[in-house]
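The chain below stands alone and is given in structure tokens; this is the form predicted alone.
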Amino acid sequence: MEIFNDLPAVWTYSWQQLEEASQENNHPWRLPVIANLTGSQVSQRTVVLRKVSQKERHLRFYTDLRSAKISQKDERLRFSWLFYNTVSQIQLRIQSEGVVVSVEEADRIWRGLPVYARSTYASIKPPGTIITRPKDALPAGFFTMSSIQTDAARANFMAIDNQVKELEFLQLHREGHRRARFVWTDGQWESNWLVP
């Protein structure tokens, strides 16, 4: 892998990889780890990167609205993202502020989800609830139901668009590591190299 020595090249590469990750199931950045505060504790989990828009500075993931990562008490949803590619040895950290997508947009997404994907939002009790057996999480026979029969789970489904506020790139390389930061300030991106 080439070593990065140009900030615009780092910027272009980072967004290109994010866009590819949102479309390719096997991309190393497809399953980032996100973290946020849940009460007074930091919680981490893996999400699926569903959509990327460089123009709007958006990253999207889906979640169950009953999940601990989504607190109805928070006025703003703040997340820290971690992407890593073990082959290229490139890490990307992103700070974002999330907003729940409109009901109309969530409905549109929901209509396109197959039954197996809807199961994530169809649990009888909220995520994290103690159960006796794994099969106790879903309604009996869920995977044999039609899409219409699973529509009740739509009430638990939400998509979160995250506006990127900061992007930090790190490349590990034998010829010297490269670290760069891009921060959204006063309506534009400010970029700097950092000591790795």
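Remember, predicted model here, so these are calculated numbers, not experimental data. Note that residue numbering follows the sequence shown and begins at 1.
The same protein also has a form predicted together with a small molecule, omitted here; what follows describes it.
None of 146 to 154, 132 to 140, 167 to 175, 62 to 70 except one has non-hydrogen atoms within 4.5 angstroms of the small molecule in the model of the complex; the exception is 62 to 70. The single contact residue among Arg57, His27, Arg45, Lys51, judged by any heavy atom lying within 4.5 Å of the small molecule in the model of the complex, is Arg45. Heavy atoms of Leu31 reach within 4.5 Å of the small molecule in the model of the complex, making it an interface residue.
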